[in-house]
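Quick heads-up: it's one chain on its own, the form predicted on its own, in C-alpha cells.
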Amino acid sequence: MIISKKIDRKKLLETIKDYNSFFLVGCSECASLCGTGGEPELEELKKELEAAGKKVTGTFRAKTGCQVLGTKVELKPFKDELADTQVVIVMSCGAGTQAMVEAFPDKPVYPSNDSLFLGNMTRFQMFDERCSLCGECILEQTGGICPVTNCPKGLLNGPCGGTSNGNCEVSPDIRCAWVRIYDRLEKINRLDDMKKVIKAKDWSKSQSPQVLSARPKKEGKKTK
C-alpha cells in the first residue's frame, strides 16, 4: 500500500487561499488505512475549510482513488456539486491526485497529503517500508527479505564489515538486513543460498516514468 501523511494545514490553506469553493475526494483503500483520506478525515478537512470561511460543495470517497476510469464513473452523481466548485482537493496519494487531474482537466486539483513509500501495515496505522519498487525482484534468493530496501546501503551481497552484534552500523536500532536474511535462510534450510553471489541489478528497470499493459496480447489474423 502507498503510505501517506497529511500536508501541514497552514501550507495547504496558503496554497488554496485564492479560492473559495472546494470538493473533497478521499480514497477507501490506502489513504483510509493511513488515516489521511477516509470519512473522518474528509469531515475533518471540511470543518477546517468552513472554519476558514471556505465553502465545501461536497465530499466523496472513491473505492480506489488511483483508478482513473472507475473514479470518473463514481463521480457522476456529484455533477451539480462539482459544477459549483472551483477546486478539487484530493485526500489520497500522488497517483490519486493525478487521476483527478484527468477527471477535471479544467479545474485546479490539489493534494492534501504527501506520498511517502510503499509499505506494509504492521499494526493499526503503523507502517514499515519493505519494497523499493526496483523493477527486478530478488526475494527468491534472500529468503523473502529485501536487502535493497531493508539495508540502508542497499547491499546485494552482505553483510558489510560494519555489522555489530547483528545490528546495522548506520543505526544501532536497525537489525542488519543480511543477518535477518541469514537467520531466515537457516530456518528454512536454504543457508547454502548465502554462498551464491547476486549479480549487479539492472537499475534501468526502475527508471521513470513507466507504463505497463497487463492485457494479454491478441493473436494476429492468420493469412493464407
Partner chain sequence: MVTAEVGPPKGTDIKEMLHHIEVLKGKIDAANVTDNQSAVMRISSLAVCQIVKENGLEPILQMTCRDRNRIGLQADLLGASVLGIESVLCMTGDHVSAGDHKAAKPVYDIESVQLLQVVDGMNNGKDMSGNDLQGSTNFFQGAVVTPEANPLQPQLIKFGKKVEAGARFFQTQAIYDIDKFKTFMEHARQYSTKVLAGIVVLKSAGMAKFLNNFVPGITVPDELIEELKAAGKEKALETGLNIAARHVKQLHDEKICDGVHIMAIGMEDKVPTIMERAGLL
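Positions refer to the first chain, counted from 1. In this text the structure is predicted, and so the values were computed from the model without any measurement.
There is another form of this protein, the form predicted together with the partner chain, and it is not shown here; the text below is about that form.
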| property | result |
| --- | --- |
| Per-stretch contact check against the partner chain in the predicted bound form, the hit in 26 to 34, 41 to 49, 58 to 66, 155 to 163 (non-hydrogen atom, 4.5 angstroms) | 155 to 163 |
| Heavy atom distance at most 4.5 Å to the partner chain in the predicted bound form, all of 179, 198 and 201 | yes |
| Residue 194: touches the partner chain in the predicted bound form, heavy atom cutoff 4.5 angstroms | yes |
| The partner chain contact in the predicted bound form: residue 188, any heavy atom under 4.5 Å | no |
